[in-house]
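Only one chain is included here, represented as structure tokens and corresponding to the form predicted alone.
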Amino acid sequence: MQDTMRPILVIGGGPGGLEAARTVAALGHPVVLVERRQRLGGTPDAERYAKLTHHFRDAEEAIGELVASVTENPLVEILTRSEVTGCEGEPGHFRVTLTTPSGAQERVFGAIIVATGFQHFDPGRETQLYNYYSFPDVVTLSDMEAMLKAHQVVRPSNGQPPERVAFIQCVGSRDRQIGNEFCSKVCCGIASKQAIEIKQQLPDARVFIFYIDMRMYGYWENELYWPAQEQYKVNYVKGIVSEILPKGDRLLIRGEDTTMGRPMEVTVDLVVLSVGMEPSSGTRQMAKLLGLAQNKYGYIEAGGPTGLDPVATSRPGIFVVGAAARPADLDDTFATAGLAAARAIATVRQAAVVR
């Protein structure tokens, strides 16, 4: 094989990895996609997302199209239930050990793209008293996605549809006490999307969103925030929730209404914790194995020497995509995946010229 056509390795089979592999192949270059799960699709597949923010596309259908775009492309080799377990070398010639179901093998790649994504914050670590592991009617955004997908929005405690639902924002984000000072970026939009979907499935339910301040990026303001209020009558309450307590067979939310400047108590049937993002275990593992610098939150440090390349890592020839580098929505993920694909191909060609 010519050095200019040495394959590119993509680590991670979620949206970022799929888009990177698809773009590399679309540019006529061979690519190997490694995924440790048995299935492609990443978090939207593993967590059974119902619809994608912000276009309300059916998640299974949209991710299925993305998966098909790589599985049907002869330039893409896919290795599932496989992991990267070793890496040496330099741009243009990385010797990578892949551990697959059939055993370990060493392959040579021209460049590497890391797309190992994020994991949802574990609300059991939250400093507030949300009782996720104690009260069955306290769920997370991920739990709610599965309910919406199944058209079974019910109280887990009794299987009945809730009359009053509350979202609590910034669980695991913007919290100095747990070390996550950053905004996870997507939670306000996802909560608003889910609030709309709940009202579509349960028109008589009352839905509240308790927030510190709403952070709607780009077009989400008009596409999610205002329709939720004006069309679906979702109640946004600016306040800080301090604890959730049982009250009969319901839940009592206690906190402070910061607009009114007074204590607040609201009784609901179901609470949804808007848990933020953290780097996935795979991201932390790959950063260590590949020798990539991480920031203080555990994300792979991106920016490169100039600070202006959002997909460059501390190691030349290795690039990072989407939520492996920072909290990211799908638009961010796809944009960086395309850029990383272009950078990776350029790396292979430049290395061949130098050699």
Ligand SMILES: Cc1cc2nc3c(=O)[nH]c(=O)nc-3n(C[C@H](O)[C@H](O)[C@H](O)COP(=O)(O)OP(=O)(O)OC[C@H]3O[C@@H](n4cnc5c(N)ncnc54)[C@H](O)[C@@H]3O)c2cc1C
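Each residue number is its position in the shown sequence, starting from 1. As the structure is a computational prediction, the values presented were derived from the model and not from experiment.
FYI, the form predicted together with the named molecule isn't displayed, but the following is about it.
The putative spot formed by Thr43, Leu141 and Gln285 is fully lined by the named molecule in the predicted bound form; each residue has a non-hydrogen atom within 4.5 angstroms of it. Using a 4.5 angstroms limit between non-hydrogen atoms, Ser192 is distant from the named molecule in the predicted bound form. Interface residue remark: Thr333 is counted as part of the site for the named molecule in the predicted bound form, having a heavy atom within 4.5 Å. Although the partner is absent from this view, Tyr49 contacts the named molecule in the predicted bound form, with a non-hydrogen atom inside 4.5 angstroms. Contact check for Phe118: a heavy atom falls within 4.5 Å of the named molecule in the predicted bound form. For the residues Glu126, Glu223, Glu145, Asp137, the 4.5 Å heavy atom test against the named molecule in the predicted bound form is passed only by Glu145.
Listed stretches are 239-247, 277-285, 69-77, 87-95; the contact stretch with the named molecule in the predicted bound form is 277-285, by a heavy atom cutoff of 4.5 Å.
In the predicted bound form, the residues of 14-47 lying within 4.5 Å of the named molecule by at least one heavy atom are, in order, Gly14, Pro15, Gly16, Gly17, Val34, Glu35, Arg36, Arg37, Gly42, Thr43, Pro44.
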